[in-house]
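Here we start with a single chain on its own, the form predicted alone, put down as structure tokens.
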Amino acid sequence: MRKYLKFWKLGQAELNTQSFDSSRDGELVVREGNYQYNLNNLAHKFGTPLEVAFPFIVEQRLGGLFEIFNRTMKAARYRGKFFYHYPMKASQNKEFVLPILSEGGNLEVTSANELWLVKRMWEQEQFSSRIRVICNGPKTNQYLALIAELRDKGLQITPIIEDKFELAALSTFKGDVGIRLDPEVKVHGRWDKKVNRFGLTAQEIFSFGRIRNLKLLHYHTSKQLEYQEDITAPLKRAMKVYVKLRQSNPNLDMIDLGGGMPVPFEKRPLFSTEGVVKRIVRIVQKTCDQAGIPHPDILVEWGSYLVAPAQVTIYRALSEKPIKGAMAKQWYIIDGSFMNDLKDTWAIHQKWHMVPVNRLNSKKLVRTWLAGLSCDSDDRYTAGGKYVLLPPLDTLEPGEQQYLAVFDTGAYQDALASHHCLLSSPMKIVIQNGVITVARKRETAEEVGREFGW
């Protein structure tokens, strides 16, 4: 392996970069089987800022997840099934949703508008009758009516009861329902909340007695969980509730762990998927065997885990400014906006893995901070007060541009994107099976202005 590939942490499965490599000229490439895509050439051709989505990476990750769960269940003689439900809020983009469905995934929605997209696909017969849909989030009358409509049309749809008002609203629903538990277990993740606004306590759920058509117990603890125990501790608590709840609800036969499986955004190894899956199966199996009840089907909603690594965002360094008295030596001004395009940079102080798109083999690197185009002091990236290493701009050849790629931008960033300072969104292209498709053109000033009534 070329030394600089290891330095930039490319080609490493444990860091989700196994599809990324370098050309002989030190340019970032992506490999899909025998296909190869040069991101430097794409940046030149389509311009920047540019989002590049790779549905084949989503397919590979989902296939791997199915293989791990099914292999583990078979080895343990687990008698339930595994189901994956993709949370559409992670990315509602068609280039991710359709490949997930094609590979055997199901869906989880959190709003009436997301469910409307499911209705549209259902009416256009874009998926089979075997598809399963879980409905989370607060239920408006519009949301409830759409759930009932799709249930009457034959869709396997399961609304999740969030509170006593939804319990009453769904008391006459003709299909299966689920209920959301607040496990009341402290975890290490993105939600630093003392009080969870979602779900019901175990005592509240038990007070309801028998719940009509109860099929599923669901919980969700946090985003980007840091340790295996952050997944297993809530599961142990939920399984105790499951066993007791099943006494009065014998149709209950599914446990949904929700999301939270982490992504190595900072390219440091995390706990292995295989290891945590073994612990999940063991906990559920042991709890049910001790209680003398059948093994339930196991569901997960690991959204970022699936789609975050399937997109990179490319920017061009426009200019530089010196910095005094800081770890970084130079500001690089990019031709996009962190506040607009990568909202989690500003909202939750997300740290990203960044590499040069060209000159990966540069022997000289500069400590940089990056600044976006909006007129806002928060539109910047400092790697948490550290720095990003990039090739120096003063060594560029005449006419050469310096591009940089931000990894793992496939989850949440599009849906959260804004138009601060009326900046345009990046262009988006989709790469699959050797074909490059433009999914979103670069917005003109007129198109952005129209969104604000001009």
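All of these numbers come straight from a predicted model, not from anything done at the bench. For every residue, the number given is its place in the sequence shown, counted from 1.
Only in words, not in the display: the form predicted together with a small molecule, which the text now covers.
- Contact with the small molecule in the predicted bound form, defined as any heavy atom within 4.5 Å, is confined among 324-332, 207-215, 251-259, 237-245 to 251-259.
- The closest heavy atom approach of residue 304 to the small molecule in the predicted bound form falls within 4.5 Å.
- Residue 87 belongs to the set of residues with a heavy atom inside 4.5 Å of the small molecule in the predicted bound form.
- Interface membership of residue 224, defined by any non-hydrogen atom within 4.5 Å of the small molecule in the predicted bound form, is confirmed.
- The small molecule in the predicted bound form comes within 4.5 Å of no heavy atom belonging to residue 387.
- When you look in the predicted bound form, the only residue of 368, 337, 136, 311 with a non-hydrogen atom within 4.5 Å of the small molecule is 136.
- Proximity to the small molecule in the predicted bound form, taken as a non-hydrogen atom within 4.5 angstroms, holds for one residue of 380, 359, 220, 267, which is 220.
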